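Here we start with a single chain on its own, the form predicted alone, put down as structure tokens.
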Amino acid sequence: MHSSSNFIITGGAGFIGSNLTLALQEKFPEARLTVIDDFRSGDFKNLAGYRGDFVGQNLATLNWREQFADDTFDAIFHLASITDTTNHDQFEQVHDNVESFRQILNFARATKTRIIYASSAATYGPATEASVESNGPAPANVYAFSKVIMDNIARRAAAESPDWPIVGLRYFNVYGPREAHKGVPASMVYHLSRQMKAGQRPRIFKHGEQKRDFVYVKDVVEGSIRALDAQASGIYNLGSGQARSFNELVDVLNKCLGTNFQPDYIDNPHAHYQNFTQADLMNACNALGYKPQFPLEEGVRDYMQWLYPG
């Protein structure tokens, strides 16, 4: 990729999308960037300093050919989706996530434009050890199911056109700047830090031993940009590669915030709760040269300095 590239970022006003958009702008200052977002789970404030184009459209109904005519693109980063996993309208969730993706594939097929899209660690379902991409899917909610279908149609399209690069990225438990607008679905790191900053004991489920692959947004953005150079199609995990408990997270937050709170343990109301997530990173390392730079301690410290400056 060179600096005069032409990129589309769907969901570019969202959490990961805005971080990716601003990183692309910094890395390729001459590139033409176009964000497409309908603000269902994005916020214009996330794009402070953005110098590119913006298309306000719902991707499930967007006519790509009409919108972009003969414009050619070097890559389409597809991060838009209904990300609210508490939206249990099965039709809306599957229709919008899958049909939006199908439209993009149909638009990009003729030109074999590189597609880099957000899959999800949620496709793995309940796990007790590190998830490898070859593990079968076990979606526990309809959001995860929609991502499994996206992976299925991406694999089929890639198999039919071996010279068309389609790269899926399974983001694990991402946290970092520009997520606050999400409200309830924002990360545990964000919510616990807000409670502690307000002088409250951080509320976590009994007994805090659930483990998550907390990955800093700067790492997944770097991995997403590396997908521009992936030689072949594939689906890859992007995580920190470490499973860390909620108790450990509270310890790390206490250190970074200069507080000394004990967790407030509450009953877990969720019948289907992921007690463990961890990314196996071997394939991402080999295919993308992905090496996360922010273990939990470093990521949380960087994030807290951004969230609470001064």
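Note that the coordinates shown come from a computational prediction; the quantities given were computed from them, not determined experimentally. Residue numbers run from 1 along the displayed sequence.
Beyond the structure shown, there is the form predicted in complex with a small molecule, which is absent from this document and is the topic of what follows.
Peer 1: May I ask you to choose, among 224, 193, 119, 240, the residue with a heavy atom within 4.5 Å of the small molecule in the predicted complex?
Peer 2: After the contact test, the surviving option is 119.
Peer 1: Check each of 216, 172, 236, 124 and return the one that places a heavy atom within 4.5 angstroms of the small molecule in the predicted complex.
Peer 2: Checked against the cut-off, the match is 172.
Peer 1: Within a 4.5 Å heavy atom cut-off, is residue 244 in contact with the small molecule in the predicted complex?
Peer 2: Residue 244: no, not in contact with the small molecule in the predicted complex.
Peer 1: Taking heavy atoms only, is residue 148 within 4.5 angstroms of the small molecule in the predicted complex?
Peer 2: Output for residue 148 is no: heavy atoms all beyond 4.5 Å of the small molecule.
Peer 1: Taking the small molecule as it sits in the predicted complex, is residue 39 near enough to touch it, meaning that at least one heavy atom pair lies within 4.5 angstroms?
Peer 2: Residue 39: contacts the small molecule in the predicted complex.
Peer 1: Would you please decide whether residue 58 lies within 4.5 angstroms of the small molecule in the predicted complex, comparing each non-hydrogen atom pair?
Peer 2: Looking in the predicted complex, residue contacts with the small molecule include residue 58, since a heavy atom lies within 4.5 Å.
Peer 1: Using a 4.5 Å heavy atom cut-off, which of 106-114, 174-182, 196-204, 131-139 contacts the small molecule in the predicted complex?
Peer 2: It is the stretch 174-182.
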